[in-house]
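Coming up, as structure tokens: structure 1 and structure 2, two forms of one and the same protein chain.
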Structure 1
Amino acid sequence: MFLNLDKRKSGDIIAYDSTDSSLSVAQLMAEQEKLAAILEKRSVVFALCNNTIGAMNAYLNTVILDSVPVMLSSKADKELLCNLYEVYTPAYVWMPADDEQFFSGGECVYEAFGYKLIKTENERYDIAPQLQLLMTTSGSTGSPKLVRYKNGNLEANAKNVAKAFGWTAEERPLCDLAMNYTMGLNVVNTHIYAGATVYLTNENIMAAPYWDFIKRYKLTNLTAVPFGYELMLKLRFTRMDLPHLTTLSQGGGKLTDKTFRTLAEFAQQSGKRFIATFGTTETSARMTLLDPETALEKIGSIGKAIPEGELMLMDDDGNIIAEADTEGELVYSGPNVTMGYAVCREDLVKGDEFCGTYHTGDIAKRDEDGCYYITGRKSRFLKMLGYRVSLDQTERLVKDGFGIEAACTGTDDNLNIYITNESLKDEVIKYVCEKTGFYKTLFKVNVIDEIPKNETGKIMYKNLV
């Protein structure tokens, strides 16, 4: 059965949430029997997720019963959800029982754990036989672009990530990242596969109940994105008394070198593990992991490929780069590589277009020990005065140099730097000019109230004006 659930005892608890609700294997199976008579196989099902037992039951049983969930946020803008609904016309919608329907019509055919299943008035349509799950590419529902997962992707990633981390049934992981976000779903899948109980919360990291939840259940590991770690460090997380917490892992973007070092040093001094990882929605989340023993030696590294995966670098002509410390596009192959994209419901009948290999679009280099470092995005480069300039590296220059939020966009004629500190405007321009060797006239510093970010803390460059 999916994620080894059939190998667990009926009384095993799959998950707890911060409302003190729980879901056992026996309960999941009992609900499965009810849903088997209701949910038609090979249906497209919108799953409006939050981190609760109701959403967990919806996700697991939809997959087990051979329908295809589209993982979306229950807090998503209703207009955007309506747009997706019109594009993909799902046969069913899972949603919190107290939510208003964002579409007209439909009948509630099942309700449990604070969630209801609505059968819509849409007709079912053909989808690829191997299609298992659909996710948005960045946690946002602003675009109809979805990633198509095939049977085996989620379980291969769960198995290999659990192996790489050394997870056992004794783990008590915190999952505060949304289940509709690839890294949040990875936390769920890897720990269920290992036989552990997942602890779900919707509490805000800045609020006391979040930390009370960790302490009450003596949680052993957490995964955070860079924005989450920045908030944790502002709360002086490293001074908190959390003796049961043994592993801190990172995903969802690149940490600054300063934050990476702070976490690695804290882990070493406190007898914990800090594990940097890297992944994408297109690879079912994690595809690399840095050995925690080398974290302080390899500041900023994403490490090496997870078991059964392979990493390589390619130049612009598609040739494999064998030399160390030479930049190229990061390419990954493995059983967790998904099938490709969909932008409309007609695309859901397509087969496997990636064929096990994904060109990430990330520019990286590899050191002599075989560890990889992300240096930028293939599409995030300018050609200024004939030289290739990385917007991501320029961004990091400002962040590391001044310890502030920053974002960079631009054209080959002008690089725009966005900051939120008016007093640093002149210093930033001077600093960047000195570091890059370019003329002052090629840079413009814009002071804005806030750097726009999505729900996972990634900068929304399209919103910068």
Structure 2
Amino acid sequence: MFLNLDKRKSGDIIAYDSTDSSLSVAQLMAEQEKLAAILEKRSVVFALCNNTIGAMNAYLNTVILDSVPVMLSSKADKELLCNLYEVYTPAYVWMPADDEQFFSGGECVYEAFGYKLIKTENERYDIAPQLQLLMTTSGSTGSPKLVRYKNGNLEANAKNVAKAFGWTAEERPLCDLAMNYTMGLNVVNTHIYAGATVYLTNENIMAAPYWDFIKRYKLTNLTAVPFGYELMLKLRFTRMDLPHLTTLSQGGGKLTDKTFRTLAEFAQQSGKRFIATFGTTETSARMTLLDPETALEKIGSIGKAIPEGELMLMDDDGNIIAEADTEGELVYSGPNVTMGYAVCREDLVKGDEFCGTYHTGDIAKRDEDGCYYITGRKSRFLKMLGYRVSLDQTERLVKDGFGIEAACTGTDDNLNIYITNESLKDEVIKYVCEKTGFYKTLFKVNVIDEIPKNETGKIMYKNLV
């Protein structure tokens, strides 16, 4: 069964959440029996997740019962959800029982652990037989683009990442990253695969209940994106008394060298492990990991491929680069590479387009020991707060939202929006914050006389200062 769940004892706890509710293997199986009679196989099911056992039951049982969850946030912008709903016409929607329905019609056919399952008025439709799960690629720049996971992707990644980390059934991991976010789902899957219990929370890292949860359950593993580590360092986390904590791991974007060093030094001095990793939604999360023993010698490195995976660097002509310290596009092959993208319902019948190899769009180099370092990006996207944000999509968001010319550039800390209409400045910021869910300090709107374009009408981003 999915993630070896059938090999566990029935009393085993799969997850706790921060309301101290738990989900055991026996409970999951009992709910599975009920759902089997309700949920028609091979249906597309929207799963509006939060980090509770209700969402965990929804996710696991939808996959086990051979339907296809589209992993979304229960807090996502209503308009974005409506748009996705119209595009993918799901036959069912999982959502928190107390939340107001964002679509009309349908009937509640099941409720458990604070989650309800609504059967919508949409007809089921044909999808590829090997399609297992769908996930968004980015924050929420309004794109209906989903990544198509095939059978075996999640389990291969869970198995190989669990092996690389050396996870056992004794781990007590915190999962505060969203389950509908690739790295959050990876924390869930790797630990369930290892036979451990996952500790889910929606609490905010900057408030006491978050840390009380960690202490109450003596949690051993924390996983955070770079922004999470910045917050933890602001809280002087390295001076907190967390004796049970053994592993700190990072993913979802590049740490500054300074933060990387601080964490590696802290881990060494306190007898813990600091493990840097690299992953993408397209590869079912993680594809590399840096041996914690070498973290201090290899500041900023993403390490080497996980078991069963292979990493390589490619030049512009598609040739594999054999020499050390030469930059090229990072390319990954392995059983966790997904099938490709979907932008509409019809795409869900498509087969495997990646065929086991994913071109990341990241530029990297490799040192003489075979460890990789990300040095830049080939394509126009940023990783803000761990989420992939497309500059082109953000540009389109502003253009379409206001019917004006716009251009976007930026770094992972700051997205610059260029417009020519001074009077819209405040509204544009407000709008992109609403649509993306990011805070205003991450955006800067610059008013310029004209958006620079070349003869063919393409925006000349290099001329934007």
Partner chain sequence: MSNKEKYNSIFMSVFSVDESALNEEFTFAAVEAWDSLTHLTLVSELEDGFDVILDTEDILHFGGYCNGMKILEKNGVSFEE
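Quick note, the numbers are simply positions in structure 1, starting from 1. All figures in this text were calculated on a predicted structure; none of them were measured in a lab. Here the rigid core means the biggest group of C-alpha atoms that line up within 1.5 Å when the two forms are laid on top of each other.
Working note: structure 2 is the copy from the form predicted in complex with its partner chain; the remaining copy is not.
For residue 65, a C-alpha deviation below 2 angstroms is recorded between structures 1 and 2 after rigid-core alignment. Superposition on the rigid core between structures 1 and 2 places the CA atom of residue 393 2 Å or more away from its counterpart. After fitting the larger rigid piece on its C-alpha atoms, the remaining smaller piece is found rotated by 142 degrees between structures 1 and 2.
Shown is the Cα shift of residue 438 between structures 1 and 2 after rigid core superposition, which amounts to 32.2 Å.
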